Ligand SMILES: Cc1cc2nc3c(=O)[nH]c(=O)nc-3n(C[C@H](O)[C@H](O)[C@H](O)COP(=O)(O)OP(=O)(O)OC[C@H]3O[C@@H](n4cnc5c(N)ncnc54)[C@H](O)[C@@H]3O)c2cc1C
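Presented below, as structure tokens, is a lone chain in the form predicted alone.
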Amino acid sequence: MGTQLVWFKRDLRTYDNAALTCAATLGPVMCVYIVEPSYWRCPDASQRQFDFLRECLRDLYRQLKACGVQLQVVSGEVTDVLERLHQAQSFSHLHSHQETGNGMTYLRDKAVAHWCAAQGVQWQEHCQNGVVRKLPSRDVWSDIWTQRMQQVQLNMPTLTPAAWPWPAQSWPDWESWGLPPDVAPHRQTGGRAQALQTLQSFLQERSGQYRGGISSPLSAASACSRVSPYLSWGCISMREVVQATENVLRQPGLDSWTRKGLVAFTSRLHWHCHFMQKLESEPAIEHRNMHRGYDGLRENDSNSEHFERLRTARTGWPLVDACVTMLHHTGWLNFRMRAMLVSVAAYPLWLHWKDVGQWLAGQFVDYEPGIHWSQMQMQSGTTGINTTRVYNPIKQAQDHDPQGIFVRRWLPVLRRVPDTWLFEPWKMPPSVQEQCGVVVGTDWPEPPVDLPAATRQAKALLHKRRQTPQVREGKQAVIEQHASRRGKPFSKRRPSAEPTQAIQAEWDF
């Protein structure tokens, strides 16, 4: 069949890798990862993701070496690299996994398809999760997901190496592209070895904390599975995680609290792919409202000062600023705090989801475009099919950080503020400010808006738009294309608005 080229994208593993397994059966194999400057210049990419990727590729290099081949890392635009490589070492097939990425990768894949057709190269794109390309109807999606998750996992193949025609390239330098530095000093480490260790520690030790522990920023770092970045970059397959979880659930003597946590976790793995399917079916939701009746709602009113205050952790609302600070340092937040940040941005600060979404995408090491953009719109109220979800940052702090441990950990300036005033420091009497050494307006910023009044105004504007004939008439089309069909026998399923409880934790795990 000729030389087989395996193009790694977000599938950085050798185990349960359909593209690699298929290539191994057809002929000698070359393996390449292409570092694309145009991708890393996108507003949703960042150095913290770039550094995580480098660790994943180092691990993948070791995995492929055990299979008999060497991973080649090449910098350049994909079609340019493929053209030069094909001229130097002809290949008959290009193997990769399907990708539900951002708009840049969507257009790049279309260009790759055109190039392959022109060169007579057969491009085989393989499924690696529950996302269905060219899905005919949402009615069949859940069953397809289940079938895929039940398939046998693919073992690491033995590969026959093909000669690589070029000298090995050095790893590209982030700064040489003129991009701003963005290091998260306490982020998770990339690679399959870390993915497996993280998954096992969750299944065997931490899953008992899952129910009841994933909402609070105090407990979520250990209560969540923390496999989200490894799923996003493909260090581990969705099928591996689902089947490993089911294997633990079958163990005798499992305590009820752990069992309930693992059942909830399995459900959220299903919802993970459900949200990715939305972007696969409608790539435009990265750039425009899912329900077009909300066009113009915030676009012309967005306040750059409000956005800058949010990005730099200077909103004056302690839980918000503590979450942003943690995100700067770790590249991760639990779902509830992510949702709260977007809610604060969308309602009292009245910011458009696109600008906020691009900033947050670059902050998250586990950025998954399909989940991210669906959640950005859902939390901002522009899907047309979800209940308005507005999180009060003061109440969230009282509910999930009642002693102020999280806030004080990430905001040292507030450590001497008494509990009474910790979540609303702008209300401190001058004498208390002087006593604790935190002068509002000098040591700590005043909030940019009055929280209750700004939130009421924002909700009124949203609900007014929701009552317009255009929004009412367009809702059913969004439901038909994107809503879940779970809960009824296959033949009787009908689209419906998604239940609130089902969307509590799809942004991270």
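Quantities reported herein were computed from a predicted structural model and do not represent experimental measurements. Throughout, we count residues from 1 along the sequence that is shown.
Absent from the display: the form predicted together with the named molecule. The rest refers to it.
For the options W271, W141, W350, W421, the one in contact with the named molecule in the predicted complex, meaning a heavy atom within 4.5 Å, is W271. For the residues W359, W174, F406, Y367, the 4.5 Å heavy atom test against the named molecule in the predicted complex is passed only by Y367.
Among heavy atoms of H291, none comes within 4.5 Å of the named molecule in the predicted complex. Remark: W115 does not count among the residues lining the named molecule in the predicted complex, judged by a heavy atom distance of 4.5 Å or less. Among residues of the shown chain, W123 is not one whose heavy atoms approach the named molecule to within 4.5 Å in the predicted complex.
Although the partner is absent from this view, F275 contacts the named molecule in the predicted complex, with a non-hydrogen atom inside 4.5 angstroms.
Heavy atoms of every residue among W332, H372 and M376 are located within 4.5 Å of the named molecule in the predicted complex. Looking at 305-313, 228-236, 176-184, 75-83, the stretch with residues near the named molecule in the predicted complex, meaning non-hydrogen atoms within 4.5 angstroms, turns out to be 228-236.
The partner is not shown here, but in the predicted complex the stretch 334-351 reaches within 4.5 angstroms of the named molecule through a heavy atom at N334, F335, R338, A339, V342.
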